Ligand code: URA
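Encoded as structure tokens, the following chain is the form predicted on its own, with no partner shown.
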């Protein structure tokens, strides 16, 4: 029972970190959980015959002196990115070399995987920023190419734009690691730590400097915390759907496309779409009546 509850707790923590505010549990599921709790064994109280006789307590054993703790290895310095002069294409190529040669980024890669930098139109007025590469992304070396990326493409198409019109990046340049099975394959993803995000953020800021978008959209809680600060909010609902500032640029926070994949209802789709309508309005993109009525 304890293992089952621990597994449920870890999954709820993961969902909260990715921006999920609520989960749906069936009545059958709740009933099964109540029965499991009610039937779990409890420690029986001592009977009268089991009372410990009163006697002088023995002197507590002296604990052995603890061995000195090994010093933690020093944290890797946060990279300082200095872009060379030149046009956007040459500056982006220089940034790509910096990321590919970063010793921390390289050390975080599993064999056969790739460092991931942003992709898209270097003259884009709209930039989407996600969390971190997943299984498909670390293989192809490109952000948002898995199921969530395919959904993001459809969201962009709903705005009457294409993937080639925008720039898409991530807070992270590598996939945060988890233990692997005997086959060496990592199953699942985890949110990056504050230290991991801090290391990669200078590279994201350099991409923003090169592209110089008019508007930024943060997809999910991790992206929002990477841009606004790890302690800037609790639940994503506190900052979602409102305009913020990042380096003098308007920043809209919304849910990650994976939220729709887990909750494919018109209600969740409409919440994200309303945020994108605000982006379209601020970007002065034409909005048809049909677009205003999506998912109603």
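Residue numbers count along the first chain shown, from 1. None of these values were measured; they are calculated from a predicted model.
Missing here is the form predicted together with uracil; even so, the following discussion is about that form.
Heavy atoms within 4.5 Å of uracil in the model of the complex are found in exactly one of 139-147, 77-85, 176-184, 101-109, that being 139-147.
The partner is absent here; in the model of the complex, the one residue of 224, 132, 216, 200 having a heavy atom within 4.5 Å of uracil is 132. Contact annotation: residue 207 falls outside 4.5 Å of uracil in the model of the complex, judged by heavy atom distances. Taking a 4.5 Å heavy atom cutoff to uracil in the model of the complex, the one contacting residue in 237-270 is 256.
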